[in-house]
Each structure stands twice: as structure tokens, then as C-alpha cells.
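Read the single chain below, which is given as C-alpha cells and is the form predicted alone.
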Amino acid sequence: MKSISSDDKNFICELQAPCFQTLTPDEVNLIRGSKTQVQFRKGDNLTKQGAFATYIMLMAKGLAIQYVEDESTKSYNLRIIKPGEFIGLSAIFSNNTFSYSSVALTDCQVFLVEKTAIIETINNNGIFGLGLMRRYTEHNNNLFDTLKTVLYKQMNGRLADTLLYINQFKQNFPDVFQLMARKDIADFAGISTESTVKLLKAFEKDGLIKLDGKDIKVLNNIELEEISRRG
């Protein structure tokens, strides 16, 4: 991780999120004075589950994976974080630590905004606070959907869900599958890497996908959605 100054060629001027458009000039100055722009290299940890959080993050450029860890070596991928999304909102609304870990899937540029400045702005600007609460609620709803997938679906359904989810990012990030190891895909589906490899080959044999090295091309969305629905 390294800080990016305003004279750096990679510097991004403004915070690109709808809720920041509701701020008054004084609130804009407060947020600007409390933010730092940093760059993470691919593979760097953006957050660490359980670590004390004095700031929240806003992804400006790049992709990252959010995941949870248990007390062993197991982890479960929750979502892909894309530009314009927040990281660490739980540190404002529920506790003072990060509830999950996140790792850079590509080189990333991120805004770090001091939590105290965010809380002060929420207290003074209800519309801004409502916007952040909506984001936080969306994150929680996604977690519930993920939990239902893990609890109620078999391996085929889990992997179909995973492929459909990741494939959504291909329009803006054509190499998204190539950025991931098979283990990353397995950790989204909550199954072993070995089972993931076998199921991918079975899906290819059935004409649902095409495997091209690390890349995966979805050929039959309708049938994958049906597998997902059946679980």
C-alpha cells in the first residue's frame, strides 16, 4: 500500500459515489480533509477481519474480493468489490472492527476516509446518512442470499450461482475469471477446489460453459439459472 499525492499521475480527484453528491460545501471540505488516496497492488490485503477500523474505504479503481475466515485455514468469498462500492461500513453502524477481510484482485486505488468525519457528516446530514444506510442494508441482504445458497443448495447449484455472479462483471472487466484461481471460485461456491474442477468440466461437457485456460465463457445462462433454481 502506498499513498497517492495530488501531483501523482494516478491521482483521482473526487469521491465517486451518489451519496457524496448530497453534501454541503462545508461537509465536502470536511470529507476532503479527512481522506487519503492509496494504491494497493494485486494480492495486497485491504482489510483484515477483526482489525481495528478508524476509517472506511471507497473503491475508486480496480477489483477486490471480500471474504470471511474461520479459526482454521478455511475462508468463504462473499462478493467482488467494484469501483464506487464501500468497504468497512460495518465499522460505522455496528462495531469498531472490520467484519471481514478483503484482498485486491487487481491493482486498486482506494479512498480511506476517517470514520470520525463520516459520523459527523451523518449527524448533520440525514440524506447522506440514509444513503450510507441503504448501502449497508444492501450488503446485509447480499449476505443473507449467500447464506441461503450455502445452507440449501447442493454443489451444482452453488457453482451455477457463482458462475452467474462472476459473469456479471465480464462486461466491464472481461478478464475477471482469469484474475481468479480455481480456489477463488471454489471459495465463492463454498465447495472444495477439487469438486469445483470436476464440476466445471462436467458443465463444459454439457455445453453450459467453455473453459479456455483460466478463462470461463458462459454459453447457456438459461440452463445455469435453472440449475441454480433447482439448487
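This one's a predicted model, so the numbers in the text were calculated from it and none came from an experiment. Quick note: we count residues from 1 along the sequence shown, nothing fancier.
Unshown form predicted together with a further copy of the same chain; subsequent notes refer to it.
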Fill in the blank from the handout: The one residue among N156, Q109, T106, S99 placing a heavy atom within 4.5 Å of a further copy of the same chain in the predicted complex is S99
Fill in the blank from the handout: Note: exactly one of D175, D206, D26, D70 sits with a heavy atom within 4.5 Å of a further copy of the same chain in the predicted complex, namely D70
Handout entry: Heavy atom of Q49 within 4.5 Å of a further copy of the same chain in the predicted complex
Key = yes
Practice task
Determine whether any heavy atom of G84 comes within 4.5 Å of a heavy atom of a further copy of the same chain in the predicted complex, and answer yes or no.
Solution key: no
Practice task
Look up in the predicted complex whether T116 has a non-hydrogen atom within 4.5 angstroms of a further copy of the same chain, and give yes or no.
Solution key: no
Problem - Any non-hydrogen atom of L78 within 4.5 angstroms of a further copy of the same chain in the predicted complex - result: yes
Practice task
Scan 134 to 160 and note down the residues that get a heavy atom within 4.5 Å of a further copy of the same chain in the predicted complex; none is a fine answer too.
Solution key: R134, Y136, T137, E138, N140, N141, L143, F144, T146, L147, K148, V150, L151, Y152
